[in-house]
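Next up: just one chain, as structure tokens, the form predicted on its own.
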């Protein structure tokens, strides 16, 4: 039975392209999920009788929020609601399902790489019919609605059994509980040479994949261990847990240190990989060789035609502004464009939809292609495996060969987490004030070629994005970038990106932190990080 519930707005339910993210306890407030989901539906048009996909990463409160969303979707007129078994769907799998089913859109219940558990984080994101995150015109409309909402529509209906495959009726809507892996795996088979990858594993190639007790465990077990024959035990931490086993499900060198140490050992496996809470990020390590996300994008682009799905070549490459310029050098050799965009997958989505780019990536461990409209952790691992199988080469040798061809962009990111927001804003304002005087100056022995607050004109929709991060660009290809990020739920994060280009004839085998030591020191001194924030060292180094 339809029930209309009177409600009042909650403060600050503002979604970004990553959706609405708050602490679990915030989402557990009576009516909080209902208000936000109803505001999403109130901001959409033309979905009566259409299909909505719903899934999440299995974090704490995932199942409860999905039950609420199902009742609201049925009450608001969706005709078919497709939900992953147990409520599980990786973010890439939601995008794949939306596109495969021709669905109107989807709800993703996740806070991505943020911690889970009763005291952890939760989030809800709406993806459009193309499979990607809602554009600003929709998220702005959702936020406006959250400030004026007075009622939500729901059904007096019991919870459904999320673990049981099949279809049930909720009101007039049909709810289909589907295998969360099936559609996604089918797409991967079209893109990659599974027979070649099976041969790689049959040859004795050893791999470890850390699912971090997050959503990619079922995908990795089904695809790597079973279908590709990597064997049982390849996937570690493979069971999704509400608190991610008490760990931080972010596949970087801090939170995936156990995997890093394992693969970097002389007798370690040939290849190591990991993914994050909702499955859209990836970590790539070869025996003795960590591959930065920036280098990974460049190396995948240089070898992409070895995979069947990309045999015809690439239309272009897109990278976020903080990502190193390594991909630019590959694009130049291939004779294709390389687009530098603000951080946020929606900018890539525009280029992909317009068929202007094929591969895209962010330095924050996210890589993807035109197969869906999200970054995709398992996809990136499969692309690497396909290339290694075809090239019959180790990760370390492939990296060395790449750098001998293109030179090396030494690169690191230093994060200062949970900084007071006012202190972070003051730091960025002080940097912006210094920009006009910088060109031509020498800083720490590096001559400034240009300095700006990055702005982007979208070649597809004509929109302009300003204030995307302070860049100090030095002659010879080195640079320092400063950004204030709000992807967490407490305070803000100051991210400092340091990059130094070494041409093919230079020393290409140094440790990145060693090679960048002078620029790292300069980056801290220039922005007065300790003076302004009280932080003497970063929280995370990648």
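As the structure is a prediction and not an experimental result, all values here were calculated from the model. Residue numbers count along the first chain shown, from 1.
Beyond what is shown, the protein has a form predicted together with a small molecule; the following relates to that form.
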query	finding
Interface stretch in the model of the complex with the small molecule - options 275 to 283, 302 to 310, 458 to 466, 288 to 296, non-hydrogen atom within 4.5 Å	275 to 283
Sole residue of 43, 28, 485, 510 within 4.5 Å of the small molecule in the model of the complex, by heavy atom	485
Contact residue in the model of the complex, chosen from 412, 343, 350, 146 - any heavy atom within 4.5 Å of the small molecule	343
Heavy atom of each of 363, 375 and 495 within 4.5 Å of the small molecule in the model of the complex	yes
The small molecule contact in the model of the complex: residue 21, any heavy atom under 4.5 Å	yes
Contact test in the model of the complex: residue 17 vs the small molecule, heavy atoms, 4.5 Å	yes
Interface membership of residue 139, the small molecule in the model of the complex, 4.5 Å heavy atom rule	no
Contact label in the model of the complex: residue 113 to the small molecule, heavy atom within 4.5 Å	yes
